[in-house]
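The structure tokens that follow cover one protein chain in two forms, given apart as structure 1 and structure 2.
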Structure 1
């Protein structure tokens, strides 16, 4: 076997009293695609971020290419051969795409203190072509891009520096199938060049398909590393959670029934190329799935139903009343979980308590007065019922893992007694145990008479949970199927392409 390219020994990381990593060893070899998997908060992102210079370890040592390794920053790490694409927002909104790509390295385009932006934009355009974005103007601000395209910019920035180790943290969940295939191809190219990949994902099928080796972490400890020949889905699941997963994953029934009452409706809705004369109804007690390719318009539909996108024509109604804004949507007990969690669903500068309670202030107010006690009780109830892993309610939400952030978003809308929930990619970036808990929660809410609209790029999720499934293509509905035991992905894909 060749010499390791990266050795991490006895790595520990403490955040106050919280132990994120407890004396973990990790070794990566040249030409290896090593997967990291574990429940949210298991430490997989933490150990990768230490290797990539995002944060220092509390204890332990590292060697990279045979030399002591202690990068001062992510920029320092990237310059010396380890580049990381982070799980959430990794671009800066106030500057151009080109400036994001060359952040920390813009001096190469400077002469006498002036930046040659034409030259920088041309270089950025060549880099963007690596991820199929050659038609994007690099002079534009990153704020004009959606989550997927911002993520592709990050990937292009890292891969253009030709790192010896390419660290991919939960990135594929933000991408369409086309985008996923692009990143798989980039990983294979790394391997072909005898370079390495650290690939963090909650998608076990994806990891088993792409990776050569797989390391399982749990509660900050390394549990086991497996070679490709040792991959076994059920064993890996059990190693992740430390127990056998009990109960149904998706729904086990094929009833698919719901009330005739329409609780939310869009009629002849139009919004540019994303919604074209679209009409759709959600019924009381229904789980309605909406699927399609990433650019089909389904994410815009979710925002329009919540009043966050003003239709150019047509209207959205709930209970016979027109929804004109997020405020009126909330007045009609509508909650919305955005795909872009850190930017649109959470206030990252605020605490767990503030994020959960903000939507439920009317519920806890007594005679117009909000008491701290009522607010704390509301938040503690959601933290407990959703098993949010945190130190205390006042902990900053930015310190939580991706899955626990998602639980906070759910808690915000469940805590204010939402009767209608619009869930855009609700299980993005969460582990298999949390996914199961969320699916069981969604099904329980259906049984309570609540109405749920699930927007997702995961067909298995939509087929597994929906009473009725509509497929969108080019801003319109291209097909509709109902729940049945015989329904499979092949029966749906034809409507998408």
Structure 2
């Protein structure tokens, strides 16, 4: 085997008290596509971001192309050969596409301190052509692009600098199949040129298909590296979780029955391009899955059903009453778990206690007075029944892991006795162990007669959990299937594209 291009030795990273990485060694060779996999909080994003200059390591040494490696910033790293496309949004809306492409790297167009915009735009145009966006005017503000195109701009920006190591962090979640294909092609091209790729994803199928080697991390430790021949789905899952998964992952029955009573309904709902004359019913005791591409409008549907989106026409009703606001929705015992957990579902500034009790204040108030005792009881009940791992209810919710945060969100809605739950991507960023627990919880709630609407971009979980599954495309329902043992992803994908 050839000399490694990147050697990371003994890398540790601490965030205050949290140890994100604990003495990890990682080696990358030229011409390999290396996958990094692990549950949330395993440290896979952290180690790659250290290599790519986004943050410094607390401890440890790095060698890149045989030399000591300590990039000052992402721009610095990119300049010297490691370029990363980040998980979150990596473009800035208010500035032009060209400015985004050359963010932090503007000097090449400036003479005597003045930037030549024309030169910059021309250069940007060439770069855009790398990802098939040659028809876009780089002088336009980035806001004119949709999310997928913005991601492609980021990718183009990195790939244009011909990095020796191309780091892709969970980027594919934001992309459609065509977008994904583009990025896979770019990776292969990279490999062909004997350059390397570091590919981070939670999607095991994707990784097993694309990568040459896979490194599994868990709780800030490197667990094992596998070559393509060693890939085995079950083993990898076990390595990630650190124990054998016992019991059912999804639900095991194929019953698919539910009550006839309609508990929540949207009739001819319209909202821009997101919802087009959409009608959908949720029944008592039903798990209704809603799938589709990220931009198909299903996330807006979830909000609309909770009264959080003002429909242009049509209406949402529960028990015959119109839902006009989040408040009326809550009065009808509807709960909503947003897909953007940290920004929409939780108040990161506040404690676990505050976050759980906030939806149930009316329930625990006696004559309008909230007693600490009632509040604690409510919260403790949720913490223990959902087994939220925390020191105390007063602990800040921001200190919890992704899975435990999500449990707090669930606790908030279960605690206020919601009968109807709208779950938008409920297992996003949640590790497998917690995922399994959540699936079982959802199933249990169905059994208790609660109605659940799951919106997800992961077909597997929809198929695994739903009594009925509708697929959306361009703001309308494009297909509907019911629960059966024979149902598989390929049968559903056709409706999506």
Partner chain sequence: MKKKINLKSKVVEIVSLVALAILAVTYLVMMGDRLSPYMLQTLLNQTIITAVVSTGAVFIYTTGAFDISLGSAVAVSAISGAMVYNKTESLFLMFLTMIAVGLLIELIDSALAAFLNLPVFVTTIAMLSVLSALVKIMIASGGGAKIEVPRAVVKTLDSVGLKVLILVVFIGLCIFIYNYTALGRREKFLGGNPICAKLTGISVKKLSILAFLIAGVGVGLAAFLTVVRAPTITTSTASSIGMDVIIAIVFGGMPASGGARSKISAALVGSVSMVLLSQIMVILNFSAGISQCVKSILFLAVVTLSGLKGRKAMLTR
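These numbers come from a predicted model, not from an experiment. Think of the rigid core as the biggest set of C-alphas that the two forms share within 1.5 Å after superposition. Numbering follows the first chain given and starts at 1.
Here, the chain labelled structure 2 is taken from the form predicted in complex with the partner chain. The Cα shift for residue 203 between structures 1 and 2, taken after rigid core superposition, is 2 angstroms or larger. Core-aligned CA deviation for residue 463 between structures 1 and 2: less than 2 Å.
After superposition on the rigid core, the Cα atom of residue 49 is displaced by 2 Å or more between structures 1 and 2. Summarising the core-aligned comparison between structures 1 and 2, the C-alpha atom of residue 33 is found to shift 6.8 Å.
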